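Encoded as structure tokens, the following chain is the form predicted on its own, with no partner shown.
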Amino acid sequence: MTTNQINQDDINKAVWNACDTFRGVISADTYKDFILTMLFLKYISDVYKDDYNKLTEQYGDNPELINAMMSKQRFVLPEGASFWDLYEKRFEAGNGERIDKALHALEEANGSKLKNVFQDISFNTDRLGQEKQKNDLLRHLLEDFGKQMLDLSPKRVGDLDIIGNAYEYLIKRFAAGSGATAGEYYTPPEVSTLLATVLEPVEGDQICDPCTGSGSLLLKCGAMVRKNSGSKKYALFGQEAIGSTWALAKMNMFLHGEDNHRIEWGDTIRHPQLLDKDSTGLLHFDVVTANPPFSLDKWGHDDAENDPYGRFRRGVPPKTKGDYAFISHMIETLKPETGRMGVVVPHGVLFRASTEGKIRQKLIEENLLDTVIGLPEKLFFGTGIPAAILIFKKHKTDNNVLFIDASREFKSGKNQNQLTPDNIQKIIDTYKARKTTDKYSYLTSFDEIKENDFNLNIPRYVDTFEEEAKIDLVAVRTERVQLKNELQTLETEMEGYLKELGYGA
């Protein structure tokens, strides 16, 4: 087995190539979970094997002592449940059943860390075809991950977060190919970076994403704490409605070493799970951030009027648009002193009237809205519409609202546009400066927003109108006369040449 260091591109390429086993057989949206789960199992198996070999070298042939020490590692891998156990039996019938049993044993052995994480995935499913086809597909999958290139032991990976990054890479590739469903689990990394930077999470913060998805936004916030404070003293919280996506988030946290997390499975609006110890009130956080589903239909309107947590005291959002349901929930989970919040919303949230207009007015009158950032179109998977980021703070230093129109500065792509590092830095610099800049930002007062009937449509505040350059008619006429004379000269020369060649009269 090689001990050469590997790099991120090699790993990304190898795991993406492993998807060839399933391509043409089942859809990417289906085999995504198989690939990501196998990557997870392979990684912890290689780490476990590496640790076991080191202890064997140190303590010799003393399996009882070694097993006792292994039981105190970050995770437990039961006998017969490792990737290599499955690999050894890959030519035998029953690959699907064996993998399922291994995952179940892994869950059981690791208690709350991996509780129910694999309950929504079964490798022994008819979706992979009849028994023989299924067995062959899974044998190929085991062989793909058994290649030397995917030796994920610590001695090859080192201290780099290669596995976590590969996991994110796969999630992004699957998101790019899955169209409308991608938005359910993935926020583009540049948007996560922007939110995490603007919200400035620091040591000691409790950070929550009530629409966790694959957990990428929470991971960015955790990384930002370590960058800002050099500390791992923070806690990540989340809730995700879709079972398979919740499992993605749990594995993603595990692979990134984010053990201090609590991510619940369930509908955030109908059944919030992050409650206080008496289960009578919502938990409160220093930072709350999310990319909720845009204008969700059937978000739980019927029960909102009698919400036991008082989240809709500013008004119940319309039945077919859940944007302000998520905003209201997030606002009510902010800590009174330190709470700050960033949420991605469709532009309709900025100007729609009726109940949404009344909720928006109350949020502004309570001086909670801090900044509105307009983003470019086609930035998010599954939708081409432009979005905006709203920043709310419990304790603002003024009663102004900053508008940033970043919608025109991006890297254009065939299917998706991207914010470049320069685009992101300009937004951050403008946010921190908190002042008006020509055709890009505008710091407005409460009174001005009130004059606009609490409509937050960005063009009302940031004037991006570009005047057309004035035309110098005298210069145009002079150039026209010059061109006319040059043409006349050429015509005369051409006539002369033609006569010399015998074509003229």
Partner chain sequence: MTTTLGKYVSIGSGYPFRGRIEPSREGDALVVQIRNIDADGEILANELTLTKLPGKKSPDWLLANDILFIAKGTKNTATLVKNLPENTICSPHFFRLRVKPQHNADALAEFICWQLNQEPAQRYFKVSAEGSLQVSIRKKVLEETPFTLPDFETQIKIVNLHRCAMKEIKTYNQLIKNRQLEMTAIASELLNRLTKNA
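Quick caveat, the model's predicted, so the values are computed rather than measured. Rigid core here is just the name for the largest C-alpha set that superposes within 1.5 Å across the two forms. Residue numbers count along the first chain shown, from 1.
Although not depicted, the form predicted in complex with the partner chain is the subject of the following passage.
- Although the partner is absent here, L487 sits close enough that one of its heavy atoms falls within 4.5 Å of the partner chain in the model of the complex.
- Among heavy atoms of V476, some come within 4.5 Å of the partner chain in the model of the complex.
- The partner chain in the model of the complex is not approached by D10, whose heavy atoms all lie more than 4.5 angstroms from it.
- In the model of the complex, Y497 approaches the partner chain with a heavy atom inside 4.5 Å.
- Residues placing heavy atoms within 4.5 Å of the partner chain in the model of the complex fall in a single listed stretch, namely 467 to 475, out of 445 to 453, 34 to 42, 467 to 475, 57 to 65.
- In the model of the complex, not one residue of 383 to 412 has a heavy atom within 4.5 Å of the partner chain.
- Residue displacement note: T489 has its CA displaced by at least 2 Å between the shown form and the other one (rigid core superposed).
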